[in-house]
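Have a look below at one chain only, the form predicted alone, in structure tokens format.
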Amino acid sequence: MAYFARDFQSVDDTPGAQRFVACLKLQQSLEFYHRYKAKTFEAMHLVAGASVLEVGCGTGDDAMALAQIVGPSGQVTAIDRSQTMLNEAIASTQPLALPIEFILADAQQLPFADHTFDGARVDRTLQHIADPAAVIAEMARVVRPGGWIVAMEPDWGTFVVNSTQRAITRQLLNVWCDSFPSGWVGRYLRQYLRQAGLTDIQVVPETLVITQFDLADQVFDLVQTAQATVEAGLVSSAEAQAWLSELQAFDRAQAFFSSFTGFIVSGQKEPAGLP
């Protein structure tokens, strides 16, 4: 079965690709995601008629929101490396006649000229890329002087789950974190934006709390993580099952707890004419 931490980087080549689509749609339905996304849109300082780049557009929901902001005189260019995701996005947005163009592209080698866009945004995509600094550098290249770049990424070193089995919990959560190509990207975003020459960098933490086991499993892939940890030889099958059983018991007692923190980091490309 597809494992979110490892396989989101290659959706089209992974059996059961619709599981990724379902995961994104579930996340889009949660208030936490609505709240932080609104903050990322605000941080872009967009106006009607602006041209904006969305990196890693997934099912297209954020591209639709950006299109509403820039209006019919603006333009949203949304890229993804997955044709599966682009097909979903196109099917969702085509009847709406919004100013959005969807393009199959590699975020590390953007197919656009320098200074093409008024702003650029990436949301929970860099965690799935081995060289996120290269993506931020490319985003800075294609944004015009004075434009803003906004990134929101989790740092899976902040992921917590309550369990009395501390050593096993550490093993499992480390496997989840380290299965991402860039599981610690959240803590490096400020550095990457500075390296790309951006200024006025702002960092805003956002924490998601989930207190239902089934929902946490859908978002954090807990059962799959337990299996991956067994396959890695770090815990036994019995230990992994005991861990899951305890979490489910906590859930029945309304005592289950899980959370992670992501970071919204924004920066401005130095306006033209400044030294």
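From 1 onward, residues are counted along the sequence shown. All values reported here derive from a predicted model rather than from experimental measurement.
If you look for the form predicted together with a small molecule, you will not find it shown, but the lines that follow are about it.
Visitor: Quick check on Leu66: any heavy atom within 4.5 Å of the small molecule in the predicted complex?
Guide: Because no heavy atom of Leu66 falls inside 4.5 Å of the small molecule in the predicted complex, the answer is no.
Visitor: Taking any heavy atom pair closer than or equal to 4.5 Å as contact, tell me whether Asp62 reaches the small molecule in the predicted complex.
Guide: Flag for Asp62 set to yes.
Visitor: If we define contact as a non-hydrogen atom of the residue within 4.5 angstroms of the partner, is Leu98 a contact of the small molecule in the predicted complex?
Guide: Because no heavy atom of Leu98 falls inside 4.5 Å of the small molecule in the predicted complex, the answer is no.
Visitor: Please tell me whether any heavy atom belonging to Asp123 falls inside 4.5 Å of a heavy atom of the small molecule, as the geometry stands in the predicted complex.
Guide: Asp123: yes, in contact with the small molecule in the predicted complex.
Visitor: Only one of Val150, Met85, Leu172, Val161 gets a heavy atom within 4.5 Å of the small molecule in the predicted complex. Which one?
Guide: Among Val150, Met85, Leu172, Val161, a heavy atom within 4.5 Å of the small molecule in the predicted complex occurs only for Met85.
Visitor: Out of Ala134, Ala105, Val204, Ile201, which one falls within 4.5 Å of the small molecule in the predicted complex, going by heavy atoms?
Guide: Flagged contact: Ala105.
Visitor: Counting heavy atoms only and using a 4.5 Å cut-off, do Arg6, Trp156 and Gly183 all touch the small molecule in the predicted complex?
Guide: Heavy-atom distance to the small molecule in the predicted complex: none of the three under 4.5 Å.
Visitor: So which of 142-150, 189-197, 124-132, 90-98 is the stretch with heavy atoms within 4.5 Å of the small molecule in the predicted complex?
Guide: Careful reading of the contacts points to 124-132.
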